[in-house]
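Below sits a lone chain in structure tokens, taken as the form predicted alone.
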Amino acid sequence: MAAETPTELELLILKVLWEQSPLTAAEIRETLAQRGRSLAHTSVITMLQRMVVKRQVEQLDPVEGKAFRFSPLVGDKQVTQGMLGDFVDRVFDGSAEAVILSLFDVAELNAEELSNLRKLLNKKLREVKP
């Protein structure tokens, strides 16, 4: 079974685990609190258990009688591409062009960012030419 798209809180937990893993629920809770998201320990445990069922994280055996540790089963690129693809499909009817045009309307892009986007577009153009 493939991993489901993470909820907002699941994504926050995954971001913590992508930076460093494996971690215990207490370590994850502490990191989230440092980032302004204070949760009860039981809430973090419940979320991690759901994420195990969804195959987003795995629960590792305790080391020397300590707490269970958790490690991500999905990568950040896999998750972001899946979430972005879903967003593009739902909001822009699958049109990448509409996404880019909308981005230009809502984002303040400086000259360097525009130059980087041009380079990426030129690279993509070279890839699709026969």
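The numbering used is simple: start at 1 and walk along the sequence shown. Small disclaimer: the values here were computed from a predicted structure and weren't measured.
This protein has a second form, the form predicted in complex with the DNA, left out of what is shown; the following refers to that one.
Q: Determine whether any heavy atom of residue 55 comes within 4.5 Å of a heavy atom of the DNA in the model of the complex, and answer yes or no.
A: No, residue 55 is distant from the partner.
Q.
Although the partner isn't part of this model, could you tell me whether residue 47 comes within 4.5 Å of the DNA in the model of the complex, counting any heavy atom of the residue?
A. Because a heavy atom of residue 47 falls inside 4.5 Å of the DNA in the model of the complex, the answer is yes.
Q) Using 4.5 Å between non-hydrogen atoms, is residue 8 touching the DNA in the model of the complex? A) Yes, residue 8 lies within 4.5 Å of the DNA in the model of the complex.
Q) residue 68 near the DNA in the model of the complex, any heavy atom under 4.5 Å? A) Contact check for residue 68: yes, within 4.5 Å of the DNA in the model of the complex.
Q. Here the chain is shown alone; which of 31, 78, 43, 95 has a heavy atom within 4.5 Å of the DNA in the model of the complex?
A. Only one option qualifies, and that one is 43.
**Q.** The unique member of 83, 99, 39, 73 whose heavy atoms fall within 4.5 Å of the DNA in the model of the complex
**A.** Answer to the contact question: 39.
Q: Determine the residues of 14-28 with a heavy atom within 4.5 Å of the DNA in the model of the complex and present them in sequence order; the list may be empty.
A: Residue within 4.5 Å: 25 only.
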